[in-house]
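Take a look at this one chain, the form predicted on its own, written out in structure tokens.
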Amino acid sequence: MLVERFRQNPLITPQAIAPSREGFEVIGTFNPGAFEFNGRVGLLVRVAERPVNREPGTVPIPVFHTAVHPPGTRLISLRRDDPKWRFTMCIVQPRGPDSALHSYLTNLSHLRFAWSEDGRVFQFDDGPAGTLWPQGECEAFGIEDPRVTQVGRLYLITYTAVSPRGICVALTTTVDFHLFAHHGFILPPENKNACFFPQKVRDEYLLLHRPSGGWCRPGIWMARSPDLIHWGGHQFVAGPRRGAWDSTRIGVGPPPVRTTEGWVVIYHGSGPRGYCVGAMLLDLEEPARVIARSEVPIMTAEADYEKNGFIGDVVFCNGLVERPDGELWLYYGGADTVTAGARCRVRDILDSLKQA
């Protein structure tokens, strides 16, 4: 592997935070966005919770009540032997063609800020600005997997919003992490895994994203915008590769890193080895053009906290902090349960890529 895991791993576990509401349990603190602010490293962590099940033979389904802030929750109880439903680990899907039914999640996610002086030891912010809660009916099943990108003084926070109406990408911005502007949805469903470039290209904001659904194989696309709100000029960037480690689906991770040779993009891919982390190099002036790409992953699930958890064999990187010496600190989710960290060098990643 090209990365060295932090010896303090896992950095954040579900035991580090209390449930946000009575009768729930925290099952995951993972897939964080990462950034630097005022000399500290910040993580925006996905916190997944579910209701404690006290009725055998049933599955409690939580839904955010977003008419109030912070949101409340209501529970829907479904019987496991109900033939109308198919139950998996975290999703409940309707059987048959009944259009009045839709899928549910068995857990809800919100986003919490954690801060560190050294990038290794983190403390959650328990203040009023320490949590991003779902807003509106289109976030009723929670908000997930944030990316944080600094463009000038502005920090751009993208995340996945989930509801009965679909899965789409929303945007929140801040300059101080005390006051936040919620801009709503910038991409329609079905879409997720969206992340900004850290600077404009040809006076346009650029966004990498992953549309999916129907016969669209989950891959990486790029969009352009003059104002962060109106998006167009969509271009295909890269997709899964037959017979490779990323043969099932791919999606962008943290913000791209600018080098003299091109934009280095860390991405996740799934395939026969589970969820792994790789990299690709995009052209500086035409970022939809792939110059080179990982023939093998730069990180696979090896540690116990990556192989065993809510979903095993998963390393999923959303967060990255650039260091002055050419080192990158990667912050990632392990087994959809914990937050961990690793470090690598940009030069080593560039040298590992194979010409596309």
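It should be emphasised that the depicted structure is a prediction, and the values quoted were computed from it without experimental measurement. Heads up: residue numbers just count along the shown sequence, starting at 1.
There is also a form predicted in complex with a further copy of the same chain; it is not shown, and the following applies to it.
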Open item on the list: Between 122, 275, 196, 141, only one gets a heavy atom within 4.5 angstroms of a further copy of the same chain in the predicted complex; which residue is that?
Closed with: 141
Task: Contact residue in the predicted complex, from 132, 151, 257, 186 (heavy atom within 4.5 Å of a further copy of the same chain) - done: 186
TODO: Have a look at 257-265, 123-131, 281-289, 104-112 and name the one stretch with heavy atoms inside 4.5 Å of a further copy of the same chain in the predicted complex.
DONE: 104-112
Open item on the list: Is a further copy of the same chain in the predicted complex close enough to 168, 211 and 217 that every residue in that trio has a heavy atom within 4.5 angstroms of it?
Closed with: yes
Task: is_contact(residue 160, a further copy of the same chain) in the predicted complex, heavy atom dist at most 4.5 Å - done: no
Open item on the list: Contact with a further copy of the same chain in the predicted complex for residue 117, defined as at least one heavy atom pair within 4.5 Å: yes or no?
Closed with: no
TODO: Using the partner position in the predicted complex, report whether residue 203 sits within 4.5 Å of a further copy of the same chain, counting heavy atoms only.
DONE: no
Open item on the list: I'd like to check something about residue 226: if you look in the predicted complex, is any of its heavy atoms closer than or equal to 4.5 Å to a heavy atom of a further copy of the same chain?
Closed with: yes
Open item on the list: With a further copy of the same chain taken in the predicted complex, which residues across 221-247 come within 4.5 angstroms through any non-hydrogen atom?
Closed with: 221, 224, 225, 226, 227, 229, 230, 231, 232, 233, 234, 236, 242, 247
